[in-house]
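First comes one chain, alone, set out as structure tokens in the form predicted alone.
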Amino acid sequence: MNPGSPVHAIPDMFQPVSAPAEAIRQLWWLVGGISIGILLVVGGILWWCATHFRARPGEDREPPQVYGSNQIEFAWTIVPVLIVLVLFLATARTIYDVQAMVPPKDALEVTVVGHQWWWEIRYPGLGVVTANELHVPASVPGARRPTFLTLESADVIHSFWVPQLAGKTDVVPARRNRMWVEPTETGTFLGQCAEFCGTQHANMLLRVVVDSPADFAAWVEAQKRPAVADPRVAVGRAVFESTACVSCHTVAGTGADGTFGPDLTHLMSRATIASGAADNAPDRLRAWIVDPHAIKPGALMPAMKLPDDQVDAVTAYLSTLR
């Protein structure tokens, strides 16, 4: 992640930085404006009727009774039909603009797989696999670079939602859904799973890091490199490779090639661990290794029950994976 990139800590659909999110905001304002207009008109009529026809002191007769009005009948039939027609056409246009987008030849393709409770992120054309932090390039004037996401689930129904980039799209087992984003500002934008998927649904967080084209190319090159063999943490690497860790995690350039858990090759390049449940700092990483369930109850990663010296060694080793 670019250290200087701003982090938008509060996801805000009213501050879109991507074409799909902007289309959704415009539709919201139209629907909201029409709804407020209806509220004001209906409320105004009710207020006028309540004040104009109320009984006044000294009056003991009923007001004039009206037993039908063709003008009123036409008005409350035709006006709602026109309103519904406008909303239908505007919604259909927005859905078409968002869902019928054809990927240009230079579009970035990414596969996102939802797990309980983390996100696996693959870049098939680039040979990069990471977790929980999606890096995409920003579009700049004269060089559009949209990112198209193929959404899959490894277990239950999840939902991918980054409010400032696009609307939410469900992630369904045995089905591939598609969506796209085209951010025009760099920074880190927060999202999360938007479909209840188990006990840690609320902690299935997501970060989308929008890089400049140059920074994105540099990030890809860094992610393609294997883990650096640092002799100072050889003991920790040996412990890591001798435990069940290698059955669940991959570290490129080592014997660890598991795919059940997140790829750890560049673990320390991420801002968080456990899909946003904790900051990615050595002390939190150590606590995660000792007892994942203390940080994320129900997590599928088991407590490894290693002696303290081995926990320290593994933590030191994982802390070098940048």
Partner chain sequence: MAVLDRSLESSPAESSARVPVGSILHDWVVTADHKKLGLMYIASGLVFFLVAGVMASMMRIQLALPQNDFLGPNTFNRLMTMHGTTMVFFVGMPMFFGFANYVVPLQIGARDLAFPRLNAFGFWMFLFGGVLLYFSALGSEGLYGAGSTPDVGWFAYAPLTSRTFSRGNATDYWILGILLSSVGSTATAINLVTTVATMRCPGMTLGRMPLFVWILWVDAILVLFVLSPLTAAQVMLLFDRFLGAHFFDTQAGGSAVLWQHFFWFFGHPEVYVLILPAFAIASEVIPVFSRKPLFGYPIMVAATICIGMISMSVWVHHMFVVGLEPGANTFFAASTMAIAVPTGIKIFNWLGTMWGGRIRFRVPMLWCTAFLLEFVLAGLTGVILATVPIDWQLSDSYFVVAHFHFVLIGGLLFNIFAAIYYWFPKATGRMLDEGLGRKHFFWFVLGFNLTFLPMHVPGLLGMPRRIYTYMPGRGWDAWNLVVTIGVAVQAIGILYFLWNVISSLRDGEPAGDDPWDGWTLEWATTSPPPEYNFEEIPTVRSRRPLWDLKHPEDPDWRWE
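Heads up, when I say rigid core I mean the largest set of C-alphas that superpose within 1.5 Å between the two forms. All values derive from a computational prediction rather than experimental measurement. Residue numbers count along the first chain shown, from 1.
Keep in mind that the form predicted together with its partner chain is missing from the display, and what follows is about it.
Among residues of the shown chain, Cys193 is one whose heavy atoms approach its partner chain to within 4.5 Å in the predicted bound form. Its partner chain is not drawn, but in the predicted bound form it has a heavy atom within 4.5 Å of Ile24.
Its partner chain in the predicted bound form comes within 4.5 Å of a heavy atom belonging to Ser35. In the predicted bound form, at least one heavy atom of Trp161 sits within 4.5 Å of its partner chain.
Only one of the listed residues (Asn177, Ser247, Ser212, Thr184) places a non-hydrogen atom within 4.5 angstroms of its partner chain in the predicted bound form, and that residue is Asn177.
The single contact residue among Leu87, Ala217, Leu126, Ala107, judged by any heavy atom lying within 4.5 Å of its partner chain in the predicted bound form, is Leu87.
Heavy atoms within 4.5 Å of its partner chain in the predicted bound form map, among the stretches 223-231, 237-245, 118-126, 89-97, onto 89-97 alone.
At a distance of at most 4.5 angstroms from its partner chain in the predicted bound form, all three residues Pro11, Val42 and Thr77 contribute at least one non-hydrogen atom. Contacts between 137-169 and its partner chain, taken as any heavy atom within 4.5 Å in the predicted bound form, involve Ala154, Asp155, Val156, Ile157, Trp161, Pro163, Ala166, Gly167, Lys168, Thr169. Core-superposed comparison between this form and the one not shown: the C-alpha position of Glu62 differs by no less than 2 Å.
Core-superposed comparison between this form and the one not shown: the Cα of Gly44 travels 2 Å or more.
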